[in-house]
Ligand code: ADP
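To begin, one chain is listed below as structure tokens, in the form predicted alone.
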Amino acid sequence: MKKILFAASECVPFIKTGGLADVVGSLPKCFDKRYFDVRVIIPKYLCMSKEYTDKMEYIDSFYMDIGNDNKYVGVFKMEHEGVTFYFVDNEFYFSGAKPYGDLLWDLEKFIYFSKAVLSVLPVIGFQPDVIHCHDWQTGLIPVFLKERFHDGEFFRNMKSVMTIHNLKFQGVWDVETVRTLSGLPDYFFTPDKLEAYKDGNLLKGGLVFADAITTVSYTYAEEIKMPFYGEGLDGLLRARAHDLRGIVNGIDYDEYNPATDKFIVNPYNARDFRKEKVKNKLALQEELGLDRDEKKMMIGIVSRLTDQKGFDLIAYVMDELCRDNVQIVILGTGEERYENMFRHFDWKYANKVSANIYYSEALSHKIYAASDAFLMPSLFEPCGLSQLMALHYGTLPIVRETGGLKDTVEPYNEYESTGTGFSFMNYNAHEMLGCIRNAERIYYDKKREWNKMVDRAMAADFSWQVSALKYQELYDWLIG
């Protein structure tokens, strides 16, 4: 039996701010239980729902030296959906109203967490073959594993994997602070280890010392070796290219399933979507005050409203796009200028544009079910989950060919009648508009072709089971 421990800063259903939580919560359920014992460890945040904290069982506690101090470490445990979860308790660090806030404070608490994860293992009697670390918050685990924990018999053969979910976030602060908080010796703060551009960098530490590196799509694994996507670490990633692989994320098909979705008005499946899907569009048009017209093409957007997601392209051609025979439904929050831009177009084209500047799980599901197409023109996209949800709901993605979008959306080929969506290559507003208008043409003039594309989109398999098999191969390769 191979033992794996996932270490992360968030995990569904306990705490979630982004896609990382979905990966850490969903993936462990999908491993073959006959060969893999996969468990998860995260912080025990005070802001977690009482529904879960009440079910946690206290295991043990001890004190651990960190920086120049001794800190309390409590350990709790809980079984959920067949997976064992451990929680590191320390109210000094984890009592905030949300998991992240001030970066310096976050650095200190996740340095503490990284060391606590390793210190907890002998106490709980779990000796993993591989510790799978996620993002910069756990970047020091591979470092500590090779440094102070390496001599112990218990840790000697332990391997570590570092997964990059978004290279933009690295956990960077001045060397002096990182050295003091971590207690690592001076020789760790050199350009070939934790130092990057005169600062201490937690993610870099993980990337240097981990036995293997993964990221969340094959194309993103290639892109981050180039300066434009590499966020200053492309040289290191080129040097470790042999140990770097891309594995596409999945989505939970129990939660995102148009046949059983409790949030949508009219469930449908791959067999009956031609008749049934449109009823969701009519219901959403009514709910949002748009013209009720089942034939009008609806384009959905569910996203953080930031530059990364390509909203400067949309802003540039929004007026032109609104003159087309389409409706546009937006859900999300983010940068003020994009929030206001969508509010403006909602006011200007009230019967065609609906801007919902907040977040609602229920409305997001309704948009996936009601829309005909889903727009995602990202500047960069490590994996992206929205296009996977759109595909499963038979809502054809219109994406830029980057990262996970390129790996998961097959562009429509009119001559061979293949593809599951539409894509454009260059980061250019009119190239995007041309791609949207091509989709409109197929939708209005070649409805049979469109429906065949929906068939293929709904049949595509991006479940976690597929990803889990790839991770199993990685662990087998590492453990030998």
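Values in this document were obtained by computation on a predicted structure and should not be read as measured data. Don't overthink the numbering: it's just position in the shown sequence, from 1.
Note that the form predicted in complex with the named molecule isn't included here; everything after this is about it.
- The partner is absent here, but in the predicted complex a heavy atom of S386, alone among S386, S160, N280, S354, sits within 4.5 Å of the named molecule.
- This chain appears without its partner; in the predicted complex, the one residue of V120, M376, M297, L207 with a heavy atom within 4.5 Å of the named molecule is M376.
- A residue is said to contact a partner when one of its heavy atoms sits within 4.5 Å of a partner heavy atom; I398 fails this definition for the named molecule in the predicted complex, lying far away.
- Within 4.5 Å of any heavy atom of the named molecule in the predicted complex lies no heavy atom of T214.
- Using a 4.5 angstroms limit between non-hydrogen atoms, K115 is distant from the named molecule in the predicted complex.
- In the predicted complex, the named molecule lies farther than 4.5 Å from every heavy atom of I15.
- Look at 345-353, 186-194, 376-384, 318-326: in the predicted complex, residues with non-hydrogen atoms within 4.5 angstroms of the named molecule sit in 376-384.
- Candidate site formed by Y256, K309 and G332: every one of these residues places a non-hydrogen atom within 4.5 angstroms of the named molecule in the predicted complex.
- Heavy atoms closer than or equal to 4.5 Å to the named molecule in the predicted complex belong, across 357-374, to the residues Y358, Y359, S360, E361, S364, Y368, ordered by sequence position.
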